[in-house]
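Shown next as structure tokens: one chain only, the form predicted alone.
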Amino acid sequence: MSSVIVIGAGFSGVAAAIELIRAGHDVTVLERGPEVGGVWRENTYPGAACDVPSAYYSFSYAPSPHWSRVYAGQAEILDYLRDNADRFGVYRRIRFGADVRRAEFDETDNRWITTLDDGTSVTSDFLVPAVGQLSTPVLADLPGGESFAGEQFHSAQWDHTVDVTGKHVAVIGTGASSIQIVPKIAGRAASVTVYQRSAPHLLPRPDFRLTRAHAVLARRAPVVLRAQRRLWQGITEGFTAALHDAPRAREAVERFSLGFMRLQARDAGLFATIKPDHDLGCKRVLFSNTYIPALRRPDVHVVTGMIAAVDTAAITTDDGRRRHADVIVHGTGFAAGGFLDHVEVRGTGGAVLSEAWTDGPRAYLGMSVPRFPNMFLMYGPNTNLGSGSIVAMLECQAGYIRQAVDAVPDGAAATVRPEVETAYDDGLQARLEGGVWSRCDSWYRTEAGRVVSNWPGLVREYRRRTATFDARDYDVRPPLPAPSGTVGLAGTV
């Protein structure tokens, strides 16, 4: 039995913990928040929901017959994750309020020393950072934004003490959060002004309420849930294949998207304003039946001009027009390429993870980094999906990590071979350079143009490549003998 520290108790941390606990390992989960849930705990804005059907956005070994809709909302997803954390014994392994600041590998005894913000530390044989790619909100850099006298907050930090009823609300950005927020507050607010920098491609969202009869049938015949999962997996895999491997199919989907948007806009002027200027799939494709109809409302406005200034009560764009605002909502996404940038991670020979990733995060299979032994990332570099369920990817990673922890002898350290990681990354980047995500700027890429977030293939390919932990890809060494008269580093809990 090995000891494992998992950092984070979102979907990825819970997935890793479940797999390792079931294998009999000693697992401690360090969670800086007060509850499990990760992004589903933090994102409580109006309309928050998943854009992957719930039958697929769930653990394959824990299907739920209780979803109320095809696409579940935030509260239901959070309840699902809490229920499974409880069911599989994860809760009793979690230390809440544990904000990790530093993790250092001790080469003498091949153990990780993880230090919290209160100065306490804990040692473990393995380290599994599971902090996700979408955990650090990024606020818009608004000229004069600090002078605004009204309320302003990020969508992931929604201030529920602020009632938008009768107020003039400015929504900055047109990403996945904004297109869910705008339809929910339009009509309540006196006005909603959407500041659009880049218009997204939209596709219809086949969402509807699931009946009680469906829940009864799903409980009595689990094959129904398995069939639904396979159906949505096939649809999303087909969409991914169209984006990357079938130009004509991708062009057909793009024509369909534009036709859908034109039909919903009804007005040629509105459609011209919200028509994307990039290839479909280059940026995240969004799914909504309600966003464009909300934009048709007389009290909702889309502004494409650059924000030039913010004063105490208004936003002025580069055309000189000043628009009143009582509330500013930053729907501006997350520092997706930062990964572990809020934790100082040190490996062998003084290696610092942030320095190793100067040119962009990279890891073998998205999990293993040379010079960082016995460390396996969940939801690491190049494991995000442009289409499909990240939960399916997390299951692959959790299974691989469990095999690795099982395989490494007690007290030994396994480090991915640099040549293995380099060959893997070279092949990955070659595929990505020729793919749709390299055709425009997006949160998938660094400023230098390197795609660091997304996996270029299908989920089934990733599942195949992570199905077996191959020790030949790693250097495995026993602990170094401690110098005479000294002791190794130790931590206290």
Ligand SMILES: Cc1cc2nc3c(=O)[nH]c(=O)nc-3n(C[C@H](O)[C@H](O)[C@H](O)COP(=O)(O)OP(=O)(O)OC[C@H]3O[C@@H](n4cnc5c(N)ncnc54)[C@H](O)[C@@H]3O)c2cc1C
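The first residue of the shown sequence is 1; numbering continues from there. Values in this document were obtained by computation on a predicted structure and should not be read as measured data.
From this point on, the text means the form predicted together with this ligand, which you will not see here.
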(request) Just give me the single entry in Val436, Leu428, Val39, Leu458 that has a non-hydrogen atom within 4.5 angstroms of this ligand in the predicted bound form. (result) Val39
(request) Could you check which residue among Ser288, Thr123, Gln228, Ser135 gets a heavy atom within 4.5 Å of this ligand in the predicted bound form? (result) Ser135
(request) Report the stretch among 409-417, 242-250, 386-394, 143-151 that approaches this ligand in the predicted bound form to within 4.5 Å, counting heavy atoms only. (result) 386-394
(message) Quick check on Trp67: any heavy atom within 4.5 Å of this ligand in the predicted bound form?
(response) no
(message) With a cut-off of 4.5 Å between heavy atoms, is Leu432 one of the residues that contacts this ligand in the predicted bound form?
(response) no
(message) in the predicted bound form, does Leu30 come within 4.5 Å of this ligand, counting heavy atoms only?
(response) yes
(message) With the partner left out here, check for me: in the predicted bound form, does some heavy atom of Asn454 sit within 4.5 Å of this ligand?
(response) no
(request) Would you give me the residues of 50-75 that have any heavy atom within 4.5 Å of this ligand in the predicted bound form, in order from first to last? (result) Cys50, Asp51, Val52, Tyr57
